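A lone chain, given as structure tokens: the form predicted on its own.
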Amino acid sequence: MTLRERPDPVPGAGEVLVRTAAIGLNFADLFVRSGAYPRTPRPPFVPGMEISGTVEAAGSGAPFSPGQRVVAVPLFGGHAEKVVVPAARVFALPDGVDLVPASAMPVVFLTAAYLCERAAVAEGDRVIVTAAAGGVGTALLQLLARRRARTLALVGSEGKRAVVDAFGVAASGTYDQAAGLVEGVFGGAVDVVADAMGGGIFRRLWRRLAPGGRYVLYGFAAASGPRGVAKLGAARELLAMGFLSPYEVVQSCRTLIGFNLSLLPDTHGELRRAAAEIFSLWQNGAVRPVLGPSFPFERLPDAHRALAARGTTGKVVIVVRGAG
């Protein structure tokens, strides 16, 4: 990635120009940079799928006004001081919220909310969350607690357990401890798996689903490497997932759910309603974004490196100087 000056963008019909205050970094941004994400533009292009900021201008038909504080999910183009975003991907913020933590909200909490709905998580369900100390993971732990589920939080190192334990999980541990924890805490079987890792952990956790269990696969962090996606490592992790026959889900009475938030249609306003509920919960203190390390805009490549190393907890955020 190279920092370059470009002309200020101009919003067209149905678009909003946002002056960026902060950028939320996602694993998907690493895959975009590697050209391994759906609909990635041909280079050169500007990556970045999540921002917070202030509306500077709105095109005709866009229901926003200059000065409004918003978060937005442009999918591409968000690593910039000014970003044009389709109005459908812009969400107004409640009064008084801080724009920096706001940048850590939309992607992770919308992902977590959609996952809970699609997996039909109910009170008392036994749930495994992988990558539990990350942005989506910590959002999931909070929403699962609101549903009174019993959660086993899996993390990449012992040092990350304190982050997830703060959310009142039933148990936490590292991936190599997963089998023993499922036996000891849940009696050997679970109702829901929320998996951002994929790779070898998929096969092990799929076998732990009880009849009627739901496995939600929404990421492939196991394939990440210092440059975004480690291609050889990704190939090994794909092979480690094994082959799943469609008929196996019938025989075992299990459900496999896969989704990518950026590809979800919002024809019925489902995501916008979810966003409104999430911001209301945040404003009332019922949920909160868990912030990880923060970087200035000029050090955005360092933020990518930190996330790719998989040593961070919470949401990595980039702050744009002088904005807000």
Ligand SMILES: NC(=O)c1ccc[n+]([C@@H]2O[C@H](COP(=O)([O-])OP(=O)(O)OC[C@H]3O[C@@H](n4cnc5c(N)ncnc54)[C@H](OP(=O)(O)O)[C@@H]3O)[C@@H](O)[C@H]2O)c1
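This structure is a prediction, so every number in the text was calculated from the model and none was measured. Residue numbers here begin at 1 and follow the sequence given.
The discussion below concerns the form predicted together with the ligand, not included here.
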Between 209, 221, 99, 234, only one gets a heavy atom within 4.5 angstroms of the ligand in the predicted bound form; which residue is that?
221
The ligand in the predicted bound form has a heavy atom of only one listed residue within 4.5 Å, and of 202, 167, 215, 175 that residue is 175
Answer range among 156-164, 119-127, 84-92, 185-193 for contact with the ligand, defined in the predicted bound form as heavy atoms within 4.5 Å
156-164
is_contact(residue 26, the ligand) in the predicted bound form, heavy atom dist at most 4.5 Å:
yes
Contact flag, residue 45 vs the ligand in the predicted bound form, heavy atom cut 4.5 Å
no
Find out whether any non-hydrogen atom of residue 314 is located within 4.5 angstroms of the ligand in the predicted bound form, and reply yes or no.
yes
Is residue 149 a contact residue for the ligand in the predicted bound form, using a 4.5 Å heavy atom cut-off?
no
The ligand in the predicted bound form reached by all of 22, 105 and 304, non-hydrogen atom within 4.5 Å:
no
Stretch 111-148 - residues with a heavy atom within 4.5 Å of the ligand in the predicted bound form
111, 131, 134, 135, 136
